[in-house]
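One chain comes next, on its own, written as C-alpha cells: the form predicted on its own.
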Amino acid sequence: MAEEGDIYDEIEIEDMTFDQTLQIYHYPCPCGDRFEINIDDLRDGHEIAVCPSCSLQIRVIFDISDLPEKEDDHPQPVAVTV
C-alpha cells in the first residue's frame, strides 16, 4: 500500500467515471492521462488508483456498497422469438 506522502489527493468514488466495458474507475490526472483502478481491486479492499503515465496516485474514498454489483461470468440464456 502507498505511504501517505505518495498520495496526490483523495477522491470520492462518486466523482470518478466507471467504464462498464473495462470494469475500471478512472479520474483525470494533472499530467493529462488518468488515474485508474479496477473494480475487482476495489472489491478486494485496495483503494489506491495510479496514473500509468506519471508517479501520481490517489486514494479512492468509497464504501463497498457504492460499487456496482458483480456480474455473472455466465449469464443466463435469453429466449428469443422469431
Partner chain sequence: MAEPAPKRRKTTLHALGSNGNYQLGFSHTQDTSTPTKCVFHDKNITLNHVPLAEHEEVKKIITGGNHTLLLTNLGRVWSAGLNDTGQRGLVAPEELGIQNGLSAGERSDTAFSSGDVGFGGWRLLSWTGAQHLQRDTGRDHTAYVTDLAATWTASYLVLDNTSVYSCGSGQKGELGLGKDVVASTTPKRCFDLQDVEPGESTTVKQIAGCMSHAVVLSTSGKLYGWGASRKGQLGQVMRETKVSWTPRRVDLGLTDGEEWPVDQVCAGRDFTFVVGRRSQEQYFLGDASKLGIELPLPLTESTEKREHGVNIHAGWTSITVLSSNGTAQAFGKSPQGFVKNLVRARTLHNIASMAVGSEHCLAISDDGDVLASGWNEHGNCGDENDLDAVDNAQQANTIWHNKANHRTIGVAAGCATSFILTESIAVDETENG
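Remember, predicted model here, so these are calculated numbers, not experimental data. Positions refer to the first chain, counted from 1.
The same protein has a further form, the form predicted in complex with its partner chain, not shown here; the description that follows concerns it.
Although the partner is absent here, Ile11 lies within 4.5 Å of its partner chain in the predicted complex, judged by heavy atoms. Within this chain, Ile48 is remote from the site of its partner chain in the predicted complex, having no heavy atom within 4.5 Å.
Residue contact with its partner chain in the predicted complex: Gln23 places no heavy atom within 4.5 Å of it. Taking non-hydrogen atoms only, Leu42 never approaches its partner chain to within 4.5 angstroms in the predicted complex. Relative to its partner chain in the predicted complex, residues Cys29, Asp33 and Ser55 are all within 4.5 Å by at least one heavy atom.
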